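This document starts with one chain, in the form predicted on its own, laid out as structure tokens.
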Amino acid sequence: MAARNWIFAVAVFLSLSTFSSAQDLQIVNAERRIDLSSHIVKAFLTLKVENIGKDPAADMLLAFPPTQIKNLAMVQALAVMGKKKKKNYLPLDVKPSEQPDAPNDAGYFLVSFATPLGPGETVTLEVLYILTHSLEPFPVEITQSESQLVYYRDSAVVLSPYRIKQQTTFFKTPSTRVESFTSVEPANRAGKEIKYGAYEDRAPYSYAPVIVHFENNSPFAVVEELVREIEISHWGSLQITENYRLTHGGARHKGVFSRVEYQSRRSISGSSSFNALLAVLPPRVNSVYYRDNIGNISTSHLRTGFKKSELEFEPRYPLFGGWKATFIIGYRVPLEDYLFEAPDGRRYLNFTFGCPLVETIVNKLTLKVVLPEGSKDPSAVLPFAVNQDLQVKYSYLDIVGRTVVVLQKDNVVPTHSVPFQVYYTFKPIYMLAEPLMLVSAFFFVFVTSLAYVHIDLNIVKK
């Protein structure tokens, strides 16, 4: 099925090379560097864009084939200002765009320039886009002693709705073992790098499919589902609980597993597996625990610092392709480091979105912020789109329940680990609710006991 889809996509995009329309922009030079050193594919694209029209241009389009759109985790763009040592980078607004005349399911992102690009002017853009689940294991099953080989499918030229005068593409592999790669002249390989180009004067929507077959034994750590719960207590701390459902997303393991061989020949046996993970936690963490359904796991080490804390831990067993593990990480952090008051009187939580595990893909991330009881008008601010919802959670001594802000996002990568804010209003009088309930309960018990001791319930007097 995958092969048929690939052949179909190739045929379609070869036919698109004849597609043309009036263009006000052209790309003078394009250089693309694709990093294949891990299971998260990072592409760095440098574009020199020129306005050849008669009117100023406010934006431009980035095009992606449908095979990449479904795995596209993030697109960022920067405008390069100044030259050489005086260079600085200005972030640009990037958002998905629907084009009514899009040729055969091509996906687009609209990049808005900082200032309109006048006729004859040029601007240099630095674009980063990240792809997940784009490395296809082949063979799909390997034994414990075999290395993992993967396919990566792309184009030797940049897919673009604009004419490109000159372009070059580089692929960086994690090792020098490259089984094969498609040759689109001029193309050459040196060490870990494969170079395609330079290609001159390519028409809009040109496409030259290539396949790179290479060794990649990096940990294919994929979190199928991660639920992070941040509970705010105005009495002094944040309690964070993280529930992980982890899997190895590489080539499936076949045959039997030998623990003796794995321990004695680690560099050869199980080279594509992983048995240790690193979680980057906030500074000043305390009460850290790591456990699974069986109980506490002692194979962990915590390093604390002023800027971050690092928790290095091991699952109960090494993970080979297709193997899964579930576990929980929990910790506390001081409230004053993350809860602040806005100028308008609202309170807001400033915390980090994303997954704490290093170099990990999260298929589905659900982040729950549990606000104190009595909080009203919650709102979340994030630099990218997420699904938002509100729930109610009941805990000890709650009457009306606590408002829970639920943020959900699919296809999350380490680049999504950025600060976000949750704003809400809260009256300090609500902090006295639970203490008053406890005092009232004790007082009621005391009065009841006192009355029971002093009241004579006998019918006949002594």
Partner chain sequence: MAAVESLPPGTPSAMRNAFGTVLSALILVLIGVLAFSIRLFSVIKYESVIHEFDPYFNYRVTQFLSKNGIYEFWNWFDDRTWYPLGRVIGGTVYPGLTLTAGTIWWVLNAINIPLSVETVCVFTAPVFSAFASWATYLLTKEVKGSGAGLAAAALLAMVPSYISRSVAGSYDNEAVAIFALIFTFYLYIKTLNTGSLFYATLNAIAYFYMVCSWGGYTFIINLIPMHVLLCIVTGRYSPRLYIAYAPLVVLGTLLAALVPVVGFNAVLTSEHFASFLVFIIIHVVALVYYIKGILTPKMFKVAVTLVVSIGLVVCLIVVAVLVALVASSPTGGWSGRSLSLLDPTYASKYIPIIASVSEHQPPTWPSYFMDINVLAFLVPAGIIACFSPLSDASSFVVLYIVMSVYFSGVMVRLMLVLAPAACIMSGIALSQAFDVFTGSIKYQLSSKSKDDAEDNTSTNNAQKDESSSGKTDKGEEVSKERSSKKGKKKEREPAEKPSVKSKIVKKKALVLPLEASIVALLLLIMLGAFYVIHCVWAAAEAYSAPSIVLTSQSHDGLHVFDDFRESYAWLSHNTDVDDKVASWWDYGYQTTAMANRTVIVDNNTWNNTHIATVGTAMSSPEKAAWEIFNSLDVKYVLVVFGGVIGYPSDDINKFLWMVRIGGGEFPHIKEADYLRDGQYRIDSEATPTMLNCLMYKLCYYRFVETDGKGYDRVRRTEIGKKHFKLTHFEEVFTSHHWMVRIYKLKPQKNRIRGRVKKLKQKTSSGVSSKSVKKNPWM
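What you are looking at is a predicted structure, and each value in this text was computed from that prediction instead of being measured. Residue numbers count along the first chain shown, from 1.
A second form of this protein, the form predicted in complex with its partner chain, is not displayed here; the remarks below concern that form.
- Proximity to its partner chain in the predicted bound form, defined as a heavy atom within 4.5 Å, singles out one entry of Glu261, Glu310, Glu141, Asp337, which is Glu261.
- Taking a 4.5 Å heavy atom cutoff to its partner chain in the predicted bound form, the contact residue among Ala325, Val184, Met81, Val227 is Ala325.
- Contact annotation: its partner chain lies within 4.5 Å of heavy atoms from the stretch 310 to 318 in the predicted bound form, the single such stretch among 164 to 172, 90 to 98, 111 to 119, 310 to 318.
- Within 4.5 Å of some heavy atom of its partner chain in the predicted bound form lies at least one heavy atom of Arg291.
- Among heavy atoms of Phe257, some come within 4.5 Å of its partner chain in the predicted bound form.
- Although the partner is absent here, Gly191 is not a contact residue: none of its heavy atoms lies within 4.5 angstroms of its partner chain in the predicted bound form.
- Contact check for Lys376: no non-hydrogen atom falls within 4.5 Å of its partner chain in the predicted bound form.
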